[in-house]
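Starting off, we have a lone chain in the form predicted on its own, written out as structure tokens.
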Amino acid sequence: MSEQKIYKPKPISGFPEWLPEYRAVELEWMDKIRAVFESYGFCNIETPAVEEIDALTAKGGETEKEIYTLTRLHAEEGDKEARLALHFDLTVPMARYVAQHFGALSFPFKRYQMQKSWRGERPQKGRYREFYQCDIDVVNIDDLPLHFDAELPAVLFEAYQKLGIPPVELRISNRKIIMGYLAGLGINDPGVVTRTLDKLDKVGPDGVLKMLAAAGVSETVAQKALAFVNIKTADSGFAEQVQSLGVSSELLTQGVAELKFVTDNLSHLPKGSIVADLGIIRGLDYYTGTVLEARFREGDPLAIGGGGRYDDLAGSFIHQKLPGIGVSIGLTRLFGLLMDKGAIQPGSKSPTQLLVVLPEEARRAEASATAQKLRTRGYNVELYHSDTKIKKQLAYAEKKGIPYVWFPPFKDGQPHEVKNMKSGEQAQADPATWAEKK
């Protein structure tokens, strides 16, 4: 007989996976985030992992080159080119969902999604090819009140607080400001400039100037654009700094007024939590108004969340004007960054609260009945899988961090007993009435 070929498993770059004790923490985080979202009236939806390619490329901007398409491994002759692709975020699928179910939804439609997304970018610190996002969006018909532009950042900030992570700041701007400013400078193709300015954190000022020069932007205009995105204030003082640059347009004025409204309505958050940062642009093409990024106040500069307003993303799928605003927590990036720093304490290796010992195979039915009785009372219970030595069964419970071990009768007429693995205390107990000490 020929030897069976062994595939040696190895990590797939950009596709993280955690050990059980860390996955348990990640799930706890998701529960906390979900609770915050639902406390503000957001309902949950889940969309497929795939969308039609045309829907994704219509609004993907430069992200288009990172989209994973779906094809069969063994394509048959005559098969058409790929029609479906993995979604790169949750906003475009949500927009398609709203358009598709328009007649069945109540507006303003407030939804949250907690799903994975996929991008084929180069894996590096904080950047993954597969990652969880936790999104909330509000979509309305014809008009969406500006107060949602302040409410959603506040919800986002509260969710970060519930996680007990290092302090986070929200950096907020408005796309109308940069678009109006560039229009005032006479730039006819602002998309090239905004996408380049959005790379400031990655390539630095010199890199931005070189890229703008390569795109045909004059040095004078490039310097003025760079001066604009360097404006950062902890309050509405950004308005005076914009005015001092000597550029004006109607769109610029409107954007400044909207950003001032948002920052004023977030002034109740802790000092240092909000920064008006005109360098926040967001690379996706569908943002039209308020834009924001969440970052740690100190340390790593990578965004751990963000979002913004879009005037008619959902409306691109249907003949309705459907403006919306959404924000997202980059859960996998946030979790991974803190994991790398050793800042996440592992949770339990197992959800099991009680391990029921198996005295011997002949008493399996009784032990199983005991385990089931405890489960019906709300406990997570595991029955040991074989009638090995009790010492080995206890070692199994200790290794998995199971807090209690239950001993059913080893002989007829003997009582049940339960052992607290932390204190070592062991006492008689009744599976019908025993309660875990808090």
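All of these numbers come straight from a predicted model, not from anything done at the bench. Residue numbers run from 1 along the displayed sequence.
One more form of this protein exists, namely the form predicted in complex with the RNA; it is left out here, but the text below deals with it.
- Within this chain, F407 lines the site of the RNA in the predicted complex, having a heavy atom no more than 4.5 Å away.
- Taking the partner from the other structure, the RNA in the predicted complex has a heavy atom within 4.5 Å of a heavy atom of E121.
- By the criterion of a heavy atom within 4.5 Å, H74 is excluded from the residues contacting the RNA in the predicted complex.
- By the criterion of a heavy atom within 4.5 Å, G315 is excluded from the residues contacting the RNA in the predicted complex.
- Comment: the RNA is not present in this chain, but in the predicted complex one of K116, K110, R363, K199 has a heavy atom within 4.5 Å of it, namely K199.
- Of the residues D31, E398, E46, E52, just one reaches the RNA in the predicted complex with a heavy atom at 4.5 Å or closer; this is E398.
- Figure note: of the listed segments 269-277, 233-241, 199-207, 318-326, the one touching the RNA in the predicted complex, with heavy atoms no more than 4.5 Å away, is 199-207.
- Of the residues in 371-391, those that come within 4.5 Å of the RNA in the predicted complex through at least one heavy atom are, in sequence order, K389, I390, K391.
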